[in-house]
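Quick setup: one chain, the form predicted on its own, written in structure tokens, and binding and motion questions come after.
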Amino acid sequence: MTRPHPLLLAHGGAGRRPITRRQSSCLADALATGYAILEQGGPAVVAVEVTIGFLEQSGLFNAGRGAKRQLDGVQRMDASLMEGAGLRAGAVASLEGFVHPITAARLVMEETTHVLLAGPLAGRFAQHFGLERHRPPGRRRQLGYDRILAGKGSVKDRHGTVGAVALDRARTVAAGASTGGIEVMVPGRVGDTPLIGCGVYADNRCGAVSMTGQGEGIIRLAVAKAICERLAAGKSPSTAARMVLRELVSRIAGAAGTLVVAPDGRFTIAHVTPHMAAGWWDGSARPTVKGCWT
């Protein structure tokens, strides 16, 4: 079988907000930056990390410099990374004060025998490896826990999580995601992004998936793994994504978007939200970036 051309997909979140011109330009630049790795024969997992790192650095999305704050005024970020050849994975949850949680996730994958590190000790781990620090200006007033819980249902939007999937020349797939969570969060809340099988999954036998949207619903159906299971059963990326997203809506009124790539180069970008900032590139012409995919 002929090897498929390298392929890279990236997203900047799914929700009610349309993509801005600056976000569109940033996604295109992120795709170009990440694709350069694939074009030079580099591995999919590195292309995914570099693409997501570009988006984290920009401050234009709910990740890295642009991460939302939880209700106590603190940015706590989650990220994960997985490659499909050996099913290696790494993740961090509730990481504070670093620009690139996705790199911390890669270090968990490569430098430990673990998959997930969380909280202040994840921060000490990132500090040990000299990751770039980020101290956001200002801080919200500390809220009493009764007031925090009183506001838990007033979520404004969930747009802005970033993610990517890639297929390299060796036919290895990879997936990753990085987020600052949702608009209104009880301190310590963790969504789907750092949970392997929920926010991301990658397996060379079927494909790679990166999710965005309402994390609680994505967790309850383990959506990324569910899509991969349908790929393994012979469904196309578009059919697998539609099947699982429909189930997410019908069973628990969830809302999400997804990037899916198969080892043979077939792919899809799908969402059941009004908008999804996303794009793809296979090295020809220019990266394709849109705010709505049908």
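Please read these numbers as outputs of a predicted model, since none were measured by experiment. All residue numbers are counted from 1 along the displayed sequence.
One more form of this protein exists, namely the form predicted together with aspartic acid (ASP); it is left out here, but the text below deals with it.
J.: State yes or no: in the predicted bound form, is some non-hydrogen atom of G84 no more than 4.5 angstroms from a non-hydrogen atom of aspartic acid (ASP)?
T.: Residue-level check for G84: no, no contact with aspartic acid (ASP).
J.: Consider I182 of the chain shown here, and say whether it contacts aspartic acid (ASP) in the predicted bound form, taking contact as heavy atoms within 4.5 Å.
T.: Yes, contact at 4.5 Å.
J.: Determine whether any heavy atom of T161 comes within 4.5 Å of a heavy atom of aspartic acid (ASP) in the predicted bound form, and answer yes or no.
T.: The answer is yes: T161 has a heavy atom within 4.5 Å of aspartic acid (ASP).
J.: At 4.5 Å between heavy atoms, is T103 in contact with aspartic acid (ASP) in the predicted bound form?
T.: T103: no contact with aspartic acid (ASP) in the predicted bound form.
J.: Partner absent here, but in the predicted bound form, which of 88-96, 183-191, 168-176, 117-125 has residues with a heavy atom within 4.5 Å of aspartic acid (ASP)?
T.: It is the stretch 183-191.
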